[in-house]
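Next comes just one chain, in structure tokens: the form predicted alone.
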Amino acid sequence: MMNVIPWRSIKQLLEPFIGLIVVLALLGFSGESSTLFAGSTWNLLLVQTVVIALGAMGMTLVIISGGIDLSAGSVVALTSVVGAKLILAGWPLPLVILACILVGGATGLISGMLIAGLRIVPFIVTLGMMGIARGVAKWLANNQTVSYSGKYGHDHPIGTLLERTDFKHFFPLPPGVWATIILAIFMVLVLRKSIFGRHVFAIGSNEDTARLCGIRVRLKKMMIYAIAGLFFGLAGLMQLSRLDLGDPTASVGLELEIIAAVVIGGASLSGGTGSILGSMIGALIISVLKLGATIKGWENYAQEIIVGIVIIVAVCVDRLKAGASRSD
């Protein structure tokens, strides 16, 4: 029996690539091609994409399962503050990394337990967690940035995670970029080849049917939000590496950029559809738009308007595709 080519899956993967090409073409035709397509620019672009990309990996699981997590930006800020405080306390780098990831995972697990255990709407739970995480971050930081550069200068090992060693060429890429690429490949395999990945899609497609098929929906939901939290914690660690400080007021609105990256990548806010590769391309599109706006000298509010428009357009396209599939 001949294998049927999964044209629908191929189409879902091609759409984000086409979107990226269109964005690059528009910026290139506007006279910024010499700067935008330089190797050093793409090195910087990938460094700037790491935080959004890591958050998008976790958010992809959540959205495919039919949920949403609005606490991503606050958790990133919280874990960056925790990391900075632990560095000042003299903790070694491996323990700082582990602590940041676990703090993120703990916030995700709490959200997952409330959503799955008490069957509360994810929007409400994660909106509350957004405020809690931001408030705890400000409390730990005493309402100010936590910098370790006064004690260690800029030579602390955590800075090497996203440190650019060559500002003129594409290679070498910082370790944080390679770690993100490896994690993305791993998550592709998890979603497409593992039983857990199939259960994530099943829950998002039809939760009641998934339950009747023997899937432990509550347990899987808690796992999904906990794993997403782990990725948010890792994103906070990378944010700390980039800024050399923990800022409790940073990453405001980051959750919207992460959600936009996932939706641009082909995920449906109704659940049941999405891909890690698509989300990574979506994260890259967001970063290209922001970098293009910076190159053109546009103000920060213009960048926020652009991201907002992209979110609305992506959701509208998602709705149109959902309507077309129902009519078929």
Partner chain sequence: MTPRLEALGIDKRFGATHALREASLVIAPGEVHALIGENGAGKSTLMKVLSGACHPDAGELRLDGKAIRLRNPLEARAQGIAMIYQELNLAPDLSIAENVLLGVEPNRWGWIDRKQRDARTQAALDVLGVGELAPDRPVGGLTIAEKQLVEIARALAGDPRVVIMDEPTSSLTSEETAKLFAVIRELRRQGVSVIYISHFLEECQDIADRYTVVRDGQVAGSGSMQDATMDELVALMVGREVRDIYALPTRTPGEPLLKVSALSGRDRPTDVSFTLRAGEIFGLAGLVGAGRTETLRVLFGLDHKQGGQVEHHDLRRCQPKQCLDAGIGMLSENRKEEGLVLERSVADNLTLSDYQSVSRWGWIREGALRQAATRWISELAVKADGPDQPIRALSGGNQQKIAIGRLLHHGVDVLLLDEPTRGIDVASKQQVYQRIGQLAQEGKGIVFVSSYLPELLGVCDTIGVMRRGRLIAVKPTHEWTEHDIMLQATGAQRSLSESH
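Numbering follows the first chain given and starts at 1. Given the structure is predicted, the values throughout are model-derived calculations rather than measurements.
FYI, the form predicted together with the partner chain isn't displayed, but the following is about it.
Put simply, G117 is far from the partner chain in the predicted complex: not one heavy atom of it is within 4.5 Å. Mapping the unseen interface onto this chain, I215 counts among the residues with a heavy atom inside 4.5 Å of the partner chain in the predicted complex. Among heavy atoms of Q144, none comes within 4.5 Å of the partner chain in the predicted complex. Contact check for H199: a non-hydrogen atom falls within 4.5 Å of the partner chain in the predicted complex.
Heavy atoms within 4.5 Å of the partner chain in the predicted complex map, among the stretches 238-246, 188-196, 94-102, 128-136, onto 188-196 alone. Using a 4.5 Å cut-off to the partner chain in the predicted complex, each of S205, D208 and R211 places a heavy atom inside that distance.
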